[in-house]
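Taken one at a time, structure 1 and structure 2 that follow are two forms of one protein chain, written as structure tokens.
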Structure 1
Amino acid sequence: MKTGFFKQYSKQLIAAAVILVICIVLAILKPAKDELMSHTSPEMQKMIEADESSSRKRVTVTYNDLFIINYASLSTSGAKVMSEKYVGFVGKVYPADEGVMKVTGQMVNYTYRMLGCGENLMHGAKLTILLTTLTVIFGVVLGTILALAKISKKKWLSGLASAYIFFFRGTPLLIQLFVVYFTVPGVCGFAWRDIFSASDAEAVYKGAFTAALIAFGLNSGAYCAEIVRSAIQSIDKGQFEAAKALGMNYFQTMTRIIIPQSVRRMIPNVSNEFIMVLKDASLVFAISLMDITTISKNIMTSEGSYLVFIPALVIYLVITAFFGFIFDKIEKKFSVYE
């Protein structure tokens, strides 16, 4: 199994290893943070020193380390704006106030922010990946339960499942998100952030994330239910009969015989659902979470830079490619018997 994997992907693995080695070399050659900071002008140094004893600090120091390249920006607000930017790459520090280096610096900064580096887990690409992955897992589990309910012979049970699916597919996710985050706590008298410890400074984001996960999961469950149902119903009737003839009950038949065979047929559709959720994740802007799309839109409006969309697209493509690979592996694993 293991050797098969290496054999099958030998070219890709070699390419990945080469890229990794190059990156590590570049990372080692990259100038250190202190070196980057040592280039700041005397005026700026003076401002920073003044800040030490001031209760209202004025200098914003940004340091973005993107493994192979780093970027530092120092700026002040107020009537007289001072701003200095530096990019560090392969042992050299470049001023990044103009030209190519300015764009490079911006790219590093935008990518850094969209990846959510230096922020909590509920931010940027981390938020997008976390929310999407958990939503799809939640959705598939819930979808399986709903699908089994829907094909059940018990009228009330299948009716209930149908109503659920109808409701969640027939209303916009954005409104469901609003209802879960604003309406439910408003009516029931609780706050999402109170689920987490009061001393947790990130509780507000965790609370919003929980609400988002619930809304996304409930919604995805409805879509996954149809995926699971059609997969189950595509399994040959003979399988049910064989299981029954061997004395298996419904639960044993489903969990040991039918669902494992359905998994392979679900994968392509679940993979699609994953990509849909990945894009829908940008709706979390409505409950003040920042995913990749929201951050890139913010940068666009606050800095007027349209270049921000290039790293945004690249980040999305990398995520999609990575998870596409994972789904491919799962599908292969489940179709080994064919």
Structure 2
Amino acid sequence: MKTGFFKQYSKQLIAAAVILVICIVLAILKPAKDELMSHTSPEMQKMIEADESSSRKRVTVTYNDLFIINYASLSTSGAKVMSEKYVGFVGKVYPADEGVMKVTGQMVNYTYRMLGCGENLMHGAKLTILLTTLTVIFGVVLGTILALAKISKKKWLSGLASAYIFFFRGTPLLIQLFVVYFTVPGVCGFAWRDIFSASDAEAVYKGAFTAALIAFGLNSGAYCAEIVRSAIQSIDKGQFEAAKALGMNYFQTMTRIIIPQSVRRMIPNVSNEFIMVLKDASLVFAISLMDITTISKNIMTSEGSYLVFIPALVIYLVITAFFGFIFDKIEKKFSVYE
């Protein structure tokens, strides 16, 4: 089986190995931070040395490391304002105050910040991926419950599930997010940040993330319910009858026979739901969560550079391509036609 796997994906594995080796070589050749700092002007170095023995800092240093390339930006405050920028790549240090290297340095800085490097899970791409993954897991579980309720012979249960699905599919996700984040706390008299410790510096962001997860999960559950329902109803009715003939009750029939077969049919649609939630996650900018979109917008506002949206697009594309590849392999492995 292992031999078959390597034979089937030999080209992809070789390409991945080559890319990994190239990245490792580039990372080894990348200049160290000290080397970048050593290229600063003598005047800047004197100010840095003076800062080390003074409580008042006049030099602001920004250092970004993206594994194969790094970037250092130094700026001074006070009577004499200075600014120096450097990019380190393939064993060399390049001034990045103008031209192509300036744009390269900006791209490294923007990408570093949007990926949330050096920060907790409540920042950048990590927040986007975490929110999407938890949302779809929550959505699939809730969707399965709703789907079973909707196809139930109990009319009140079926009607309740249908009303839920109609409501969440018929109203905008952004409005649902506003209701969960603003309206519910306003009516119930609490704040989302109060869920966490008052001494937690990230309480506001964690509270906003919790609200976003609830709103996204409830919305995803409605869509996943239709995915699960259609998959269950696509199973031949003869299997229900065969299970009944074997003495199985409804719960045993669903958990042992119907749902395991339905899972294969759900995978393509769940994959699409995951990609849709991944892109919809950009809506959390409305409640100031620091995802890729919010960070890129903040960078654009503070630095006035519209170039920031280029790495934002690339990051979204890479994340989408990665998870699309994963789901494609899962779909092929569990294909109903195999």
Partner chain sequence: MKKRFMALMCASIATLGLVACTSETGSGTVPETTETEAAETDSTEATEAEGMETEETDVQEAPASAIDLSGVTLKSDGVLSVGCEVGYPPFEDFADDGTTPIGYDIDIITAVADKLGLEVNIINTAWDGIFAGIDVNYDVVCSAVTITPERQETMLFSTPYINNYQSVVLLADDDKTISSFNDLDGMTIALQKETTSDILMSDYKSTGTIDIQIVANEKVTSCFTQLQNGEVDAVVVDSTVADGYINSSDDFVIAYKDTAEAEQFGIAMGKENAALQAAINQALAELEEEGYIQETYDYWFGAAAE
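For clarity, every value in this text was computed on a predicted model and none was experimentally measured. Rigid core here is just the name for the largest C-alpha set that superposes within 1.5 Å across the two forms. Residue numbering: sequential along structure 1, first residue numbered 1.
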Please match the form predicted together with its partner chain to structure 1 or structure 2. 1
After core superposition, I'd like to know whether S282 moves between structures 1 and 2 (criterion: C-alpha shift of 2 angstroms or more). no
Superposing on the rigid core, is the Cα displacement of K297 between structures 1 and 2 2 Å or more? yes
Does F309 move appreciably between structures 1 and 2, meaning a CA displacement of 2 Å or more on the superposed rigid core? yes
Quick one: how many Å does the C-alpha of R58 shift between structures 1 and 2 once the rigid core is superposed? 5.5
Superpose the two forms on the rigid core and tell me the Cα shift of S41 between structures 1 and 2 in angstrom. 3.2
